[in-house]
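The chain below stands alone and is given in structure tokens; this is the form predicted on its own.
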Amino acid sequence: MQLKPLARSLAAALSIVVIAGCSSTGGTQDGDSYGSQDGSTTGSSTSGTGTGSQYGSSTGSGSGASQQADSRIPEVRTIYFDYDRDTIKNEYESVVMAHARYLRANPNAQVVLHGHTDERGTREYNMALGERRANAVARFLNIQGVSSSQMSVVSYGEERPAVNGQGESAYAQNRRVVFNY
């Protein structure tokens, strides 16, 4: 009877490995670049953390500079997804890694991952897709060493759009996960 829990554990581990492999490989991504896709901080709240690097120390010559950068919440708190996909785009991996460094350096910090979709699809489907997107980010963070107890997932589906409208530009800004500390 011990085989069933072991099989479940192996299946879960294999799923995480496959998802991690899929999210970190692949060719180039079509679409807008990360800097021009959101244009501003629409849909995310940022704190006045100065003009330092948002991904950790880029010029630090020692662990002191990196330690200081890891003690601040990263400025970029929103990542975007392709239509009907829950795979983290390559261009956002550095953003998620910055959050992973922050959370590992601050074990008492808590983050809620808000999953969102555009308005296309049924309400039920969009709630599930928003949850899958947020869970994909949580799995990525977990693989990077962030404790599951530091993260929680909420799906808003299409209910809280960052931008109202029915064009691809609006849809692209609504397909997102927001890091809420």
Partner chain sequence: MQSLSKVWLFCALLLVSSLASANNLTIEITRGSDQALPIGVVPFAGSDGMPEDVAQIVQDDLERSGYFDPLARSDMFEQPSQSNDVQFGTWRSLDVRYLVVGRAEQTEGGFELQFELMDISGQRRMVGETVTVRGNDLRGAAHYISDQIFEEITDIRGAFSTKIAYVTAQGVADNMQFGLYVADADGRRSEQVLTSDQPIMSPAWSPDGGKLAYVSFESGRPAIYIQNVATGQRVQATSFEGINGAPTWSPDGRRIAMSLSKDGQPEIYIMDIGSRSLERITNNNSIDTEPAWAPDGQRLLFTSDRSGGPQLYQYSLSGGEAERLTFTGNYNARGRYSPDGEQIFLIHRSSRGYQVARQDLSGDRLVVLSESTRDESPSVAPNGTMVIFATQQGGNGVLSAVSADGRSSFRLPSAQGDVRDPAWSPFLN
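Everything numeric here is computed off the predicted structure, so don't read it as measured data. Residue numbers count along the first chain shown, from 1.
In what follows, reference is made to the form predicted in complex with its partner chain, a form of this protein that is not presented.
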Even though its partner chain is not shown here, does D70 get within 4.5 Å of it in the predicted complex, heavy atoms only?
no
is_contact(T122, its partner chain) in the predicted complex, heavy atom dist at most 4.5 Å
yes
May I ask you to state whether M127 is within 4.5 Å of its partner chain in the predicted complex, using heavy atom distances?
yes
Is there a heavy atom of I143 lying 4.5 Å or less from a heavy atom of its partner chain in the predicted complex?
no
Would its partner chain be touched by all three of E93, R101 and N108 in the predicted complex, meaning a heavy atom each within 4.5 Å?
no
Partner contacts for 140 to 161, taking its partner chain in the predicted complex and a 4.5 Å heavy atom cut-off
V154, S155, Y156, E158, E159, R160, P161
